[in-house]
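A single chain comes next, written as structure tokens; it is the form predicted on its own.
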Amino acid sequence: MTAAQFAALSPIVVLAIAAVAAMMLVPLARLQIVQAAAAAGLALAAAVALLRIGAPAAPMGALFTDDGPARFGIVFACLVSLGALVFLRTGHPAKEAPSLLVLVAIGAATLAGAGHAATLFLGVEILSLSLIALFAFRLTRQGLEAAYKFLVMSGLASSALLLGIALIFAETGALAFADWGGRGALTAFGTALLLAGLAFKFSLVPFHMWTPDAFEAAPASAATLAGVVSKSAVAIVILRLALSGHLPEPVWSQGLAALGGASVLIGNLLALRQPQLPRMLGYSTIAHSGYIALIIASGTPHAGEAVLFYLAIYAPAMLGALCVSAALGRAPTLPDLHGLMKRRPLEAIALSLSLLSLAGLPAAGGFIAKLFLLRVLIDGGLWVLVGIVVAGSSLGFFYYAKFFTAPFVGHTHDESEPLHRLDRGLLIVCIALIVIFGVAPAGLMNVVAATMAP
């Protein structure tokens, strides 16, 4: 291994050391020390990856890529996991949880750099197995049900993924994405199965059933990992397959567009009648997966930049909303939010701004992301998809409006614990990012353009 190759893999090495160290500390140290070890590993891995910005891509062979999206995915996974670690509450002293959280980051980093079927499958499995354990940590009936559903459906998705890879290999004789270029029936059927397996991890309709249960019953930080970290890694690998896979058409692009369009409409429709904040966020994240899938399916020149921009805008909004949900107790409902501005102004502002951004309204970063999405679809002349996005966004406005106006009306007695100082710091960072990305998005646009530059 050359020095350049070791440098490219060093963030994953750091994460692996942190996961092992955090696990070894479990019988020896307090929970706070285990969390500190995990946090140090995540922060160091992100710093190492950031230091490599601008460095030439290392020749890694077929298994792993060292391109801009891979580096973006590694930094993104580390920073969002660090944010999720701040409000990691499992309901009892579960000191193994920080180590599992770092394992999720390893799976996401592996998946973001995948250029080969073996790396793809390895990343997916590391992510899935770690999330199953995190979903069940509360040991409640609902948490165990969410973990069981995810386990069963994850097994089915992995089977579809493996069978799809096998069929593509049978015709092309290759496992590297860049060599997948067959046009026969085996490759077409294999591509459909591959897409189905990835759609489950991306929570696209009709493979979305696990998502709302996980958001409602699992710890909020586990929902963040499933809804942001895992989703972003899968989005990057789908983007890489679209850019370099040469998979058969119309199975790939039209299949992805059909799944994305169905997710936008059905995710938003199902979210309309949800009274619980985390369950509403679970259904809304299905719709956001659909928006990202539509960008990739468009195949336009700026699709890659639009995907990374959307992910960067989406992350602080979802982190802020789920952090507030965790602070208010298990599965807060709409009436629980009434009068929140009087009782907890920071949580009220963070939640309202996060939901404004997810709704795509002006002054929040989500508005610019939606404009970028529409621009990509209009550039491609995809007017049906434009109509689906407009319809889905209109539906989304109604349920987001119910939740982001609730903190400013009425009154409810508050029995939840005061906000920890680390939670307050995280909410302030999320508020700042949402506002900065909304009023001055040029800096982020330059970053994603440089990331996607050849």
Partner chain sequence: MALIALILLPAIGGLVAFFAAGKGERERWVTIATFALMLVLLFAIVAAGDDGRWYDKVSYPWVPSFGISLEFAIDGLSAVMIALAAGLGIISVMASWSEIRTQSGLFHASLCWTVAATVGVFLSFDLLIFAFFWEAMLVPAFTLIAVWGHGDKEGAALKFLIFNAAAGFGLLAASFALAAMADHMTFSAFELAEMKLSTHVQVWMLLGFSLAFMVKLSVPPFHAWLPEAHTLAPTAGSILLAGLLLKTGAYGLFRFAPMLFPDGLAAVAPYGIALGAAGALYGGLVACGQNDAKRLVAYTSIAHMSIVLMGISAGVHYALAGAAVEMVAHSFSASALFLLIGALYERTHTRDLRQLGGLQQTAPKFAAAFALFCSALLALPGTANFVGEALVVVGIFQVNWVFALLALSTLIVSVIYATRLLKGLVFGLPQPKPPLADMSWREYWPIVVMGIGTLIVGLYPQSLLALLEPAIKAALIQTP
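Only a predicted model underlies this, so the values are computations on that prediction, with no experimental measurement involved. Positions refer to the first chain, counted from 1.
Below, we turn to the form predicted together with the partner chain, even though it does not appear here.
Under a 4.5 angstroms non-hydrogen atom cutoff, the partner chain in the model of the complex has F367 among its neighbouring residues. Contact annotation: A442 falls within 4.5 Å of the partner chain in the model of the complex, judged by heavy atom distances. Using a 4.5 angstroms threshold between heavy atoms, Q35 stays clear of the partner chain in the model of the complex. Taking the partner from elsewhere, Y283 is found to have every heavy atom lying beyond 4.5 Å of the partner chain in the model of the complex. Stretch 356-364 is the answer when you ask which of 174-182, 356-364, 78-86, 136-144 has residues with heavy atoms within 4.5 Å of the partner chain in the model of the complex.
Using a 4.5 angstroms heavy atom cutoff to the partner chain in the model of the complex, none of R240, L243 and A326 count as contacting. For the options F200, F372, F72, W252, the residue carrying a heavy atom within 4.5 angstroms of the partner chain in the model of the complex is F372. Checking L162, L269, I349, A262 for any heavy atom within 4.5 Å of the partner chain in the model of the complex turns up a single hit: I349. Although the partner chain is not shown here, in the model of the complex the stretch 378-408 places heavy atoms of I378, D379, W383, V390, S393, S394, F397, F398, A401, K402, F404, T405, F408 within 4.5 Å of it, in sequence order.
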